[in-house]
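Take a look at this single chain in structure tokens; it is the form predicted alone.
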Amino acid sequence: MSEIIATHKWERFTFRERMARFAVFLGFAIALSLSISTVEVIPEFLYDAPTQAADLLVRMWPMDFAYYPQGIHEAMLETLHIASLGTLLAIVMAVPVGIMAANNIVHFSPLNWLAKLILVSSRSVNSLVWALLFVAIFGPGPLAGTVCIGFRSVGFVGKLFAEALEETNPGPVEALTAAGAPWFSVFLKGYWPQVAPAFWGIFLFRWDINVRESAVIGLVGAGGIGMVLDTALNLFYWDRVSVILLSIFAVVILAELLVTYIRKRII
């Protein structure tokens, strides 16, 4: 009796999976080709870029460190104030919106969707666009920058805070509710201890981001070091530009170290 040995060909992906992967790669290739054609790279400028960059670095050296006390220090402090006040403003607005967006706290779908619409609207508008809007409303200066940072941060803080609330353990909440505790006590004793570490982490992380963004929004007149940088760029004071960029870099690094230290101590 002859033995029939069946041979199987091992394949990593099925035919359908191979076609799906091919469709994805084809879509990326088409998107990349369309993007490159839209960018319209001018070869002459591309070839000349290393020369222009080297010339710019030469103009930036030596740095005008004497300009820091008279033109940079106050603007840098203003940038930090904008970032700090804007973050506090965002927390004040984001906490109630985040509570409304949490399905396990607010059991009313229209309010949930309204809160999520507010969070998405905040995140969908870039910081520079918010800055242009509030500069038109309040005029150039730190007030426009502070409100800009606050409104831009609501979506980030509120979304993460709502997700932290939705991931809480329902046991303590149910026990407090069964004992007849009022809503505020349920939130303070049932939800808050569970989300407090995440909340402070979100607050510190957003402040760190806002320090960076506060340095940028000044380019459109929203106060801070960005306005000083814009003035130096327009007047071609490259030795001052280099000092301003170095100052921004140093402040960002120090803010990162400070946030890391605080997170290790309190979270």
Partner chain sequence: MMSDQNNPVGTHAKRSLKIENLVKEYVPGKPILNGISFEVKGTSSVAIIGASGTGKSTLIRCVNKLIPPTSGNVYVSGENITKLTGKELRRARRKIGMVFQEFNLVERLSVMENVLCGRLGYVAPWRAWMRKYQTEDIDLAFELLESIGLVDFAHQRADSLSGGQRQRVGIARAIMQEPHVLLADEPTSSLDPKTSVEIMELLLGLSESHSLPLLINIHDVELAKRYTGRVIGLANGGIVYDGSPAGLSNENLKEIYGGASWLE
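In this text the structure is predicted, and so the values were computed from the model without any measurement. Residue numbers count along the first chain shown, from 1.
The same protein also exists as the form predicted in complex with its partner chain; that form is not shown, yet it is the one meant from here on.
Contact with its partner chain, judged by heavy atoms within 4.5 Å in the predicted bound form, is confined among 115 to 123, 128 to 136, 149 to 157, 189 to 197 to 189 to 197. Checking Leu80, Ile91, Val97, Leu176 for any heavy atom within 4.5 Å of its partner chain in the predicted bound form turns up a single hit: Leu176. Although the partner is absent here, Asn103 sits far enough away that none of its heavy atoms falls within 4.5 Å of its partner chain in the predicted bound form. Interface membership of Pro182, defined by any non-hydrogen atom within 4.5 Å of its partner chain in the predicted bound form, is confirmed. Although the partner is absent from this view, Pro140 stays clear of its partner chain in the predicted bound form, with no non-hydrogen atom inside 4.5 angstroms. Proximity of Gly171 to its partner chain in the predicted bound form falls within the 4.5 Å heavy atom cutoff.
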